[in-house]
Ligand code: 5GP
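Below you'll find only one chain, the form predicted on its own, shown as structure tokens.
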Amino acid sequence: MKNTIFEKEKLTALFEKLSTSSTILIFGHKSPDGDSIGSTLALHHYLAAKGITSQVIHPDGFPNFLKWMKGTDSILCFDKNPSEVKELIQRAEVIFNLDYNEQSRVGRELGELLTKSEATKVMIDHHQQPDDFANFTFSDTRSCSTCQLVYEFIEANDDLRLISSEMGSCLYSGILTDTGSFRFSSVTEKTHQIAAQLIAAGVNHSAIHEAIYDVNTPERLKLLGYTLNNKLEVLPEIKTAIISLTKQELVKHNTQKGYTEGFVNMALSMLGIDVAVFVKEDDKMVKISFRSKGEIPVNEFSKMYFNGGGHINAAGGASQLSVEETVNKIKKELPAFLSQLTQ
């Protein structure tokens, strides 16, 4: 069954615009993950297969375990190439916004530039409560990933034959990472069907899993060991586990970008734990990752207290408090929030 959000009239109008545009940009969100990198590159490869030139841009860099995907070496990062990106935005005729639904997700300065741009804007995303900034909005909050939506975007255009093994590998990577290796409740029968079609197109699923997950360094494993041994706090009365790391601890362990990826899932994997929180001090703020099981809406909790959002079982937020103060705030507010869910 094809996704009904991709209306034929919308797609026809969009591709008419694309066919006459010379500067087409594809943006992903700040601190890009597998779904952000995978979806933006997959769309870039798809448009290229249709004879349409585009440029992928991200606000900042991404972990090494994602750099094997075809096209990563051509991605422009705003923090490293601000002048070039600003010039492209000024000339842009079409701007795709992938894996985010509000312009603040690309950072303040870049978000302001995109908001001011008069280019035709396209959103392809699966996060809840999308903003209305786009001329073409393809949003499905039921979807497990933006990569699944990009696949369905291609499918709606009757172009599945154009999916190469390289394009398919980008799509598979985003689906794999955003579903926790197909474990989250957002995974549907269609998700597995798409995975099967990508494998049929030449995607080596086991090699992708190895490239993303089997890349630990001694430094990362030592950081993980230190974190679990010293910074894991279990609150059995509310079935919650909290992990926190300060900037000093991160520097002490020579932490590189991507080292803490998945730490929050380690906490959630514990027997009897329904909510996991990872609090990490960044350069200018404290970042928070929330995960949950079942129907516990951690995105609502994050939105209420940490100006965040995301999905029911996976969300993020930010705090201007210290790490310790942020943890204390979570411990203060979370019990009442959870108790209300059972009333």
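Heads up: residue numbers just count along the shown sequence, starting at 1. Note that this is a predicted model, so its numbers are computed, not measured.
A second form of this protein, the form predicted together with this ligand, is not displayed here; the remarks below concern that form.
Shown without its partner, this chain lists H127, K190, K231, K121 as candidates; in the predicted complex, only H127 has a non-hydrogen atom within 4.5 angstroms of this ligand. A heavy atom within 4.5 Å of this ligand in the predicted complex is found for one listed residue only; from G310, P297, P59, P63, this is G310. Under a 4.5 angstroms non-hydrogen atom cutoff, this ligand in the predicted complex lacks K280 among its neighbouring residues. G317 belongs to the set of residues with a heavy atom inside 4.5 Å of this ligand in the predicted complex. Contact annotation for S292: none of its heavy atoms lies within 4.5 Å of this ligand in the predicted complex.
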